[in-house]
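Shown below, as structure tokens, is a lone chain in the form predicted alone; questions about how it binds or moves come after it.
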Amino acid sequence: MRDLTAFLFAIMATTLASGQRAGTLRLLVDPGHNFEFVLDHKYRMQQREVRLSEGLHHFSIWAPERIVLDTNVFVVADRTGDLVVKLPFSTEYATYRNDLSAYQSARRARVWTPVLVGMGLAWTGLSYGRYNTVGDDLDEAVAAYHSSDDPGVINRIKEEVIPDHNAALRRARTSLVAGSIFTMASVGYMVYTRIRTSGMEQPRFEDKERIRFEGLTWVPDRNGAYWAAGFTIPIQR
């Protein structure tokens, strides 16, 4: 209904201003696929080129997720001019993107933290098994050292076998401690993540600039026809 009203008033403007000289204005707007504008505080339009009477004209330009930009343009008769505009993202949209990123990160954390716990448990289990195996080997070497009567065997066990098993036992113990710490830290982080994300809802974007833009469109009453007298022809799509 609003677009139809604007169109009818633009036709009335053609009749009232047919004798006026006009110029063409091309709108080069970023983003270029879905912007809209309110012309002279009255007509909401969505096209890339307009032909207007000579003089100063006001544009309020908006696109989804962008701010409303107000600007004045002087149209020169019998000439084609360009209005180049880059619409910045709105504050609400920037906040929404940050909140959405945080929400998505939290949701991903709920997936991969159990994986970390599983890796920690596997690491700890393997390290524990290695620690027991090396400990058994050391016990056997010590027993062989005490039971052997061969001086050469005794010396080799003392100088080589037992030191090697002790070194392997230290490495296995270090791996076991590291795996246990990693597992406990992963469990703690998983619990923290679950608590922090429980009840978390996906953020929603409220385009307040759109609401502001919608409120700019002029809806004429019975006595408002004279406002359209400055236009030469209807907006061309």
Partner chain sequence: MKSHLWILAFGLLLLGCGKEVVDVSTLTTNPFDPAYAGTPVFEMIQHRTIAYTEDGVEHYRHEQDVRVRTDLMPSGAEFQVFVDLSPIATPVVQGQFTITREEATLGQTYCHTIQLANGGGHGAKNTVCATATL
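Computed from a predicted structure; not experimentally measured. Residue numbers count along the first chain shown, from 1.
The same protein also has a form predicted in complex with the partner chain, omitted here; what follows describes it.
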Contact of Arg97 with the partner chain in the model of the complex (heavy atom, 4.5 Å): no
Contact of Gly135 with the partner chain in the model of the complex (heavy atom, 4.5 Å): yes
In the model of the complex, Ser101 touching the partner chain (heavy atom, 4.5 Å): no
is_contact(Pro203, the partner chain) in the model of the complex, heavy atom dist at most 4.5 Å: no
Heavy atom within 4.5 Å of the partner chain in the model of the complex - residue from Val73, Ala77, Leu121, Ala109: Leu121
Whether Ala22, Leu56 and Leu69 all lie within 4.5 angstroms of the partner chain in the model of the complex by heavy atom: no
Proximity to the partner chain in the model of the complex (heavy atom, within 4.5 Å), stretch among 25 to 33, 38 to 46, 57 to 65, 181 to 189: 181 to 189
Sequence-ordered list of residues in 126 to 162 near the partner chain in the model of the complex, where near means a heavy atom within 4.5 Å: Tyr128, Tyr131, Asn132, Gly135, Asp136, Leu138, Asp139, Val142, Tyr145, His146, Ser147, Ser148, Asp149, Asp150, Pro151, Ile154, Lys158, Ile162
